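The data below hold one chain only, encoded as structure tokens and taken in the form predicted on its own.
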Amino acid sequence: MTTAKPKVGFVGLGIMGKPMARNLVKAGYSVTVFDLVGSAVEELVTDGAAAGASAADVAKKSEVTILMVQNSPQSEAVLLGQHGILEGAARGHLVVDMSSIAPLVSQKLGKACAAKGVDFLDAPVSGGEPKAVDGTLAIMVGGKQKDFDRARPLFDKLGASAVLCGEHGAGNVTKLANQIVVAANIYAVAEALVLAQKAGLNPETVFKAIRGGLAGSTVMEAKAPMMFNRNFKPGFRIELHFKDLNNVMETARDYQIPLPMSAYLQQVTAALVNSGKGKLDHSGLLQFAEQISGVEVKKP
């Protein structure tokens, strides 16, 4: 016995959302899309999706609606605002917010959905544009088991892993934990390469020497070559990591815990954003370490 694929709505076709929606189309789902940028919608229509007139229209034509927007205010507007998803969603509809937002906002959205008989998951992702393109994202989920099970076939087309972490908001707490580790790792790699460069070593050689030891990591493999090749084309922008670190510190205040490393990294990313470098890949954290040391990392 085969189960028919649900009709899927997708709102938010940015650097992450566009390839994610495209992967669902490729997997044979009927996908209706909406974004404020008309050219992004046109691209997906060319790929086989249908265009929605608004977030509400997308939800009205779908059984499951995924949203992938920048931050908490956008999630609230798309879900709760005029012409938002809840205007068009019928009882039993499933909303999957794959945006990286504040956990308490996810809890608020979950309650608003429940009040209208709509199911909700917060399901932020990690992996940046490359893994969005090849469908190997890590997906961190908050919500009920039954809703997770319902969304699992979609997650399998979007990611290499999907883990139910707890109730509403748990997915975004997990994502914030992920972003602390990623930012700290990137900046540690940056400082290591600055030291190597200052000492007269080839940073690529140092990378090759340490990658197989305890210092080796997925972050190092992805970001160190970008650093010494001076390639800061964004897969995940500094300004978005700054946003995530702001959410980390907001959540830390909510729970009344000190996170000094996260606070420092928030300031590093703030400095880069304020100096006009926010649209660089987050491997560009290197440029802060370079600026304060007077060293430029590059291969001979």
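Don't overthink the numbering: it's just position in the shown sequence, from 1. Being a predicted model, the structure only gives us computed values, none of them experimental.
If you look for the form predicted in complex with another copy of the chain, you will not find it shown, but the lines that follow are about it.
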Report task. Considering only heavy atoms, tell me if residue 64 and another copy of the chain come within 4.5 Å of each other in the predicted complex. Result -> no
Report task. Classify residue 153 as contacting or not contacting another copy of the chain in the predicted complex by the rule of any non-hydrogen atom within 4.5 angstroms, answering yes or no. Result -> no
**Report entry** Partner proximity in the predicted complex: residue 261 to another copy of the chain, non-hydrogen atom cutoff 4.5 Å
**Finding:** yes
**Report entry** Interface membership of residue 71, another copy of the chain in the predicted complex, 4.5 Å heavy atom rule
**Finding:** no
Report summary line: Given 92-100, 108-116, 196-204, 74-82, the stretch touching another copy of the chain in the predicted complex at heavy atoms within 4.5 Å is 196-204
**Report entry** Contact test, all of 165, 178 and 255, partner another copy of the chain in the predicted complex, heavy atom 4.5 Å
**Finding:** yes
Report task. Tell me, out of 133, 192, 226, 104, which residue has a non-hydrogen atom within 4.5 angstroms of another copy of the chain in the predicted complex. Result -> 192
Report task. Taking only heavy atoms into account, state which residues of 129-150 are within 4.5 Å of another copy of the chain in the predicted complex, ordered by sequence. Result -> 131, 138, 140
